[in-house]
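The chain that follows stands alone, in the form predicted alone, written as structure tokens.
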């Protein structure tokens, strides 16, 4: 069977890294991106054979162009794209700065938008694009106004992409994780106490009795990137352990 090539943006930690490891164990060829060389080198070293990493900032269109060129030169075309790179920084609506607004939207929406656009020419027919959004799109949380807007904007284009890219054999689907134990909380500006309280709350209130882990998400990501999901279009799989029931 031909080895499938998947690119994961933001693949050095958390959900992206765990999905890369899962795909590699199933004999995929995996490309990951990261913004910090030290983290990227460490991730690629741990992932080992059949993995490759590129320094690339999702918020930079120049970086995206260079990434596409490097991937094209190495592989020609790829089978799937997991648009996973994103940031979350907690901020009260009334205190949100223009700087935080721009940073969040540039990475979570603008960067994701142009990553998809620029990779279209080197996606195979058939191929899969998977967008990583969040339950914040339909469940309100305080201090997440910009993050929520960025993820809602990304999710909103999926239908359009499925119509416009159908003739190229490209399908677009969505994973919508709930609160997941990953480094994104540490980078959010939340205190350790606030993070622990958040995780404990969702562990206590979840029907599965624990917090969602990146390892819970990886098999679903693989399904949506694989040929097993070829008939799916604009499907959204909510991975939250039932906390939003």
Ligand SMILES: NC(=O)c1ccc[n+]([C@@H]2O[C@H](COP(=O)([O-])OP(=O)(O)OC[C@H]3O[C@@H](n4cnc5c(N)ncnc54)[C@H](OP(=O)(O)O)[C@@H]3O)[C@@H](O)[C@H]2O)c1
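Every value quoted in this text rests on a predicted model; they were computed, and no experiment measured them. Numbering follows the first chain given and starts at 1.
Here the subject shifts to the form predicted together with the named molecule, a form of this protein not shown in this document.
Query raised in the report: Which of these stretches, 58 to 66, 202 to 210, 45 to 53, 22 to 30, has heavy atoms within 4.5 Å of the named molecule in the predicted bound form?
Result: The contacting stretch here is 58 to 66.
Report task. Using a 4.5 Å heavy atom cut-off, state whether residue 85 contacts the named molecule in the predicted bound form. Result -> Residue-level check for residue 85: yes, a contact with the named molecule.
Query raised in the report: Is residue 197 a contact residue for the named molecule in the predicted bound form, using a 4.5 Å heavy atom cut-off?
Result: Although the named molecule is absent here, residue 197 would stay clear of it in the predicted bound form, with no heavy atoms inside 4.5 Å.
Query raised in the report: Using heavy atoms and a 4.5 Å limit, would one call residue 215 a contact residue for the named molecule in the predicted bound form?
Result: Contact with the named molecule, no.
Query - residue 221, heavy atom within 4.5 angstroms of the named molecule in the predicted bound form - result: Judged by the heavy-atom cut-off of 4.5 Å, residue 221 is well away from the named molecule in the predicted bound form.
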